[in-house]
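Below you'll find only one chain, the form predicted on its own, shown as structure tokens.
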Amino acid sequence: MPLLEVNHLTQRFGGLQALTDFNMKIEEHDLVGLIGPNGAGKTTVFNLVSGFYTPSEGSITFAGEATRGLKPHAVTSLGMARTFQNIRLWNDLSVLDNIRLAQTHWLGYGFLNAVLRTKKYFAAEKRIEEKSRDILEMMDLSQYAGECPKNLPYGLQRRVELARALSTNPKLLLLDEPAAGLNSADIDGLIRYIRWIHDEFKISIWMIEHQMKVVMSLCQRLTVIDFGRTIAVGTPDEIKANHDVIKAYLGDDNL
């Protein structure tokens, strides 16, 4: 059984059809990409899969569970984590607190435990603190634990966002344009980090990315959409040579 299976996904916003009959299967330990021109519907796919939108038509099954209609926190609890094209960190909290807060869905204690400061409360808080510091160490972020993300360079903020996603113990990590806003050196570092995360954590990764260097270096398989429709699926080499893909990116006059 695939880790993620998407069948005949269609999304309409009023009279606009943003996505038409989209299908996808992701197996355990896959590293795959979703690409296409601006406005093609890529982020709409991620919003549907992660629970931010409810599809107009179609089904989504993740980790053996039908997720259509589930809220994002419920999808996260099944083992799916996500980063965003525009970084969404809690900028006035410390880096450490950003990582700690991402794990609140499995605290294991209720309001009364927190008020009374029970053994259960202290045990859970200790476990989350230790795990958060372990993640920061693994991502070379320990020295920034007490800093607010807004005070960090953009490349480090991207890494903090990755660390926060990893702290939820995902089976599948969705990366929405992780290279957006990065310079060439940071992009090279990002490629190394994503490859290391894939191998070290043994998770599946599905990414949207406009930087072809990133997807061509990392992805085993690419899906290309244009105007909400899938126009090609294949290996990076197959996609680079696909006439429909070249046309979608460059237009007939530039072929």
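Each residue number is its position in the shown sequence, starting from 1. Quick caveat: nothing in here was measured; it's all calculated off a predicted structure.
Same protein, other form: the form predicted together with a small molecule, not shown, and the subject of what follows.
- Only one of 196 to 204, 42 to 50, 216 to 224, 56 to 64 places residue heavy atoms within 4.5 angstroms of the small molecule in the model of the complex, namely 42 to 50.
- With the partner removed from view, the residue among I246, A232, A18, M24 that has a non-hydrogen atom within 4.5 Å of the small molecule in the model of the complex turns out to be A18.
- The contact with the small molecule in the model of the complex, taken as any heavy atom within 4.5 Å, belongs to Q85 out of Q157, Q103, Q85, S94.
- By the criterion of a heavy atom within 4.5 Å, P37 is counted among the residues contacting the small molecule in the model of the complex.
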